[in-house]
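As a starting point, one isolated chain is supplied in structure tokens, in the form predicted alone.
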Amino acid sequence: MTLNPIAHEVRASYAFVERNFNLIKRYRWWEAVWIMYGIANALAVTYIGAGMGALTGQVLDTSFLVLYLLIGTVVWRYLSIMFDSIGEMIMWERWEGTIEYTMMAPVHRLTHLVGQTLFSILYGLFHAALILLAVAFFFHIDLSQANFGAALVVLMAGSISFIGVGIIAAVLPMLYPERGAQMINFAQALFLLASGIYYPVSVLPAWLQPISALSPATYALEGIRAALLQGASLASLLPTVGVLTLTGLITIPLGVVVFNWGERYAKRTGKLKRNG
């Protein structure tokens, strides 16, 4: 039976999701290492919050600090994994030796990017959920006042914005085979520093705060923290959701255009297959 064009593209996108999960199975012991590292890192950060009273000799609401740090850790883990999975797709194709097969396959590039994006979302949610469950085993997490619905809407809007940024970043390994992956890691480090993952952005130096204003992670974290820590309503968070959604609506089409241009350039100059 012949599939209609839409069904064919949907199945092709799912094929990329399935392939990437099969790659995870191949490297399952490394995957276990990264999961354990993520959990240990999250616990170390949250224990900083729990130990602030003992460190300062002050009476502090350590439960609030623990929750504040936990939200930052889990949300950043999700966003950073999603950014990595999209941004490093070319690097992984080179590593596996499949880049020529993938880039020459009779599949629309948008279909490829959709499949990679769906995988990155599922993969990031899986890691974030494991970290949240592990930390909840060590700490009593009080979310009785949280507005989970509003937090979920902000998270999805933040995902849209990071998808676009990730697609743009994915062009770098095509243009710069020797330095592209390092440039992606540099961008991720800049997001980590400037987005208020573990502290309010107001404590950053004045020259760094404009960079914070450009990071989608800043708005995602502020919105999710407002929803989970203060029970903020979705209506009050609509400006944040709007900024994140608008960022995605701009960066995703831009990323697809830039990616297609980068692919044509890399094929023409022989950089697509090159590893160094």
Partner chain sequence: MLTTIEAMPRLRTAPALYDETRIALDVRDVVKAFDGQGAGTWWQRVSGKAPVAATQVRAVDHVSFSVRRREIFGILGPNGSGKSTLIRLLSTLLIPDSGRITVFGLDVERDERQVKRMINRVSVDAAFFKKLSPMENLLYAGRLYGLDGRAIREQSLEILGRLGLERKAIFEPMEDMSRGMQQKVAIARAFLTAPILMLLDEPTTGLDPRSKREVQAVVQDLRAVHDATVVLTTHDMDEAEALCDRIAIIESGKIVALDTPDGLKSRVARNGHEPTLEDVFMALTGKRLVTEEQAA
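It should be emphasised that the depicted structure is a prediction, and the values quoted were computed from it without experimental measurement. Numbering follows the first chain given and starts at 1.
In what follows, reference is made to the form predicted in complex with the partner chain, a form of this protein that is not presented.
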*Would Thr98 count as touching the partner chain in the predicted bound form under a 4.5 Å heavy atom rule?*
yes
*Report yes if any heavy atom of Phe259 sits within 4.5 Å of a heavy atom of the partner chain in the predicted bound form; otherwise report no.*
no
*Would you please decide whether Tyr27 lies within 4.5 angstroms of the partner chain in the predicted bound form, comparing each non-hydrogen atom pair?*
yes
*asked:* Does any part of Leu133 reach within 4.5 Å of the partner chain in the predicted bound form? Heavy atoms only, please.
replied: no
*Verify the flagged residues Arg77, Val153 and Ile252 against the partner chain in the predicted bound form: is each one within 4.5 Å by a non-hydrogen atom?*
no
*Which of 105-113, 141-149, 157-165, 197-205 has heavy atoms within 4.5 Å of the partner chain in the predicted bound form?*
105-113
*Can you name the residues of 7-32 that have a non-hydrogen atom within 4.5 angstroms of the partner chain in the predicted bound form?*
His8, Glu9, Arg11, Ala12, Tyr14, Ala15, Phe16, Glu18, Arg19, Asn22, Leu23, Lys25, Arg26, Tyr27
